[in-house]
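The chain that follows stands alone, in the form predicted alone, written as structure tokens.
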């Protein structure tokens, strides 16, 4: 029992999160040494009245909201298909354009209009997700190639939806979604990430989706022999990613109270893939941990805020981020993990022998 517990710790428990946890620890330590007040939280008057929380820590958790939501969906696609969707930014621009188009139809934005707009953009994003999923699951096109189509033309589609304009959608409801609910000191996007995470956790708890997804990702042939419809599982993973894309797009639109098809979540695709990798998930598919991907998203955002706090020019931020992320991904790669494990076993195995030799 004790050995089994240790094995599970290494393979599927905290062991998988060791690299991202170490990365978080190092970033926290670095910032505390550089500036002890880096993580301090302040209270300031909000735009809509009341007191709100501000500070670098709040900026990190709040700023990574869209990326964290996308990383959750990307994790499922990666686990089931052994590949990544590089069209999530373009698809979010489409979903955001649909969201704004529905909101601009009536003269006054009400709660019912908001629900209709969100439902509409979810349906559209799910349809595009199903399109990508069909290319991957049915026609067996490699995921990155299949999603390259939408990556290329997605923002043009978003441009057509609103006739090339960048309309604003200012209203108290939109402001509350993108910033703070009046009377609540914590940014609303943080609650949205929490809600998406809880929803997925409930799905995994009460269905076999996690087991089926991992089975298809590990060995599709064996999964079919056990009665698992691998085509449906892959398609479902892209549809769920579509829901995450719609949610992220709505958050992005609500932050600015407008839609800009060219800049909304620009280049978020690579960050979403990196969040999955940094979180300890294999990019080749199989076992996964959603919590690891969420942690990866916060690591990327913490790194970004740290670089800006160090007054690194914005043109150089991506280069510095790339260096750190490469180190994290390499440290979390199966090759490095195996070498570290072998080295640790060698140390533990040679220790008793050396002690016995000295005693003799």
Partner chain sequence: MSLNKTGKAAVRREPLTDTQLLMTITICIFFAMYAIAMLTLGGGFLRPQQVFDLLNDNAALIIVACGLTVVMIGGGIDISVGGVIGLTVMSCVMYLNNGGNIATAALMAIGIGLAFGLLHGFLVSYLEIQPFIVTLAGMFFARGATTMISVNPQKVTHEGFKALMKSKIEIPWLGYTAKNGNLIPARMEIGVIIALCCVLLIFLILKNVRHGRNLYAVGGNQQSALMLGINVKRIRFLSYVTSGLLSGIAGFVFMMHTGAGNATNAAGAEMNAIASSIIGGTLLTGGVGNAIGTFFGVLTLTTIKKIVVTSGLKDPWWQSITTGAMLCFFILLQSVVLSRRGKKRSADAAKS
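Superpose the two forms; the largest set of C-alphas matching within 1.5 Å is the rigid core. Numbering follows the first chain given and starts at 1. Predicted model only: the values in this text are computed from it and were never measured.
The form predicted in complex with the partner chain is left out here; the points below concern that form.
Judged against the partner chain in the predicted bound form with a 4.5 angstroms heavy atom cut-off, the residues 17, 33 and 198 are out of contact without exception. Contact with the partner chain, judged by heavy atoms within 4.5 Å in the predicted bound form, is confined among 111-119, 183-191, 143-151, 88-96 to 143-151. In the predicted bound form, no heavy atom of residue 42 sits within 4.5 Å of the partner chain.
With a 4.5 Å cutoff on heavy atoms, residue 163 counts as touching the partner chain in the predicted bound form. The closest heavy atom approach of residue 156 to the partner chain in the predicted bound form falls within 4.5 Å.
Proximity of residue 106 to the partner chain in the predicted bound form falls outside the 4.5 Å heavy atom cutoff. For the options 273, 251, 169, 290, the residue carrying a heavy atom within 4.5 angstroms of the partner chain in the predicted bound form is 273. Though the partner chain is absent from this view, in the predicted bound form it lies within 4.5 Å of a heavy atom of just one residue from 310, 29, 326, 51, which is 326.
Along 294-326, these residues reach a heavy atom to within 4.5 Å of the partner chain in the predicted bound form: 315, 316, 318, 319, 320, 321, 322, 323, 325, 326.
After superposing the rigid core, the Cα of residue 335 is displaced by 2 Å or more between this form and the one not shown.
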